[in-house]
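Take a look at this single chain, the form predicted on its own, given in structure tokens.
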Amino acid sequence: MSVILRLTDVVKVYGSGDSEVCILNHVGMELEAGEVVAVMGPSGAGKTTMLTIGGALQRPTSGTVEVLGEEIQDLSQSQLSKVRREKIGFVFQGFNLLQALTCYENVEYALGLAGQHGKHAKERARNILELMGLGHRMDKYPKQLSGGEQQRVSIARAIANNASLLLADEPTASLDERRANDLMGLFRAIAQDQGVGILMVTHDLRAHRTADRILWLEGGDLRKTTHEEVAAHLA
């Protein structure tokens, strides 16, 4: 399998002098195509910081970040924007849908930002929503949808540009157990069927059961852990 995301010796420090705080301490990890990896750990441990560094939203203090084999930590802002548009999809806890647009228009708008327009974009938006089981809901506005349906729209928007890397920040936090289980099944299908690498930050025991691997971040250090250890930590 190809490596979608690689972090090597990544350090992230905030502040300076007496107020300096090291959030990530020489962190290293790889995410392969078709793999679902969960990052867990206590609140404030730096999980979202790690996710945003992997997603080209902020730079590490030092270390190397590779997306599909390309080092991105020293790219210009415009180059980073291009990486995000073409290679990365983001799924947020709060869905972040545009309330004035329908499901279909939310996805089509995202495709437009990625440089895809016209007939191809319209067909892609419809096809991806049908894949998400929302073919009958694509003309509805976000406020007319359940939480699970809104999350599916946000995923459709995230992968509409054929992103190879999907980053999810607490994707099940707003969902009940049934919808959370449905979402994790959807993540698994996307990873297996489309070869997408999925990295998610979560506190949810329901989510970690679906992951191929679980990484535990605490005190700036990232290590591999087990389902049993996670359950004990979160008990």
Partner chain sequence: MVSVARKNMLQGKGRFAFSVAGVAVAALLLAFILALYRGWSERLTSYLDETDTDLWVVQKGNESFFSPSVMLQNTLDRLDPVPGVEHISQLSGRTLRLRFEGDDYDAYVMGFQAPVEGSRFGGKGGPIKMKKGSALPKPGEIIIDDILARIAGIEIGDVVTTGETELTVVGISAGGNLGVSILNFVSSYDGTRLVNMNVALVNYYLLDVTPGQEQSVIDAIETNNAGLSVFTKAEFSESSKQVLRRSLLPVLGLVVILVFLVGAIVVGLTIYTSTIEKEREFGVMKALGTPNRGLMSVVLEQSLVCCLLGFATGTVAVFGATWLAGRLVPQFVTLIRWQDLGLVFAATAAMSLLASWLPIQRVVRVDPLTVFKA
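Residue numbers count along the first chain shown, from 1. Just so it is clear, the model here is predicted, and its values are computed rather than measured.
As for the form predicted together with the partner chain, it is not shown, yet the points below apply to it.
Only one of T48, T61, T64, N181 comes within 4.5 Å of the partner chain in the model of the complex through a heavy atom, and that residue is T48. Using a 4.5 angstroms limit between non-hydrogen atoms, R85 touches the partner chain in the model of the complex. Put simply, N127 is far from the partner chain in the model of the complex: not one heavy atom of it is within 4.5 Å.
Using a 4.5 angstroms threshold between heavy atoms, G147 stays clear of the partner chain in the model of the complex. Among residues of the shown chain, L97 is one whose heavy atoms approach the partner chain to within 4.5 Å in the model of the complex. Candidate site formed by L57, S81 and R157: every one of these residues places a non-hydrogen atom within 4.5 angstroms of the partner chain in the model of the complex. Taking the partner chain as positioned in the model of the complex, none of the residues of 16-36 brings a heavy atom within 4.5 Å of it.
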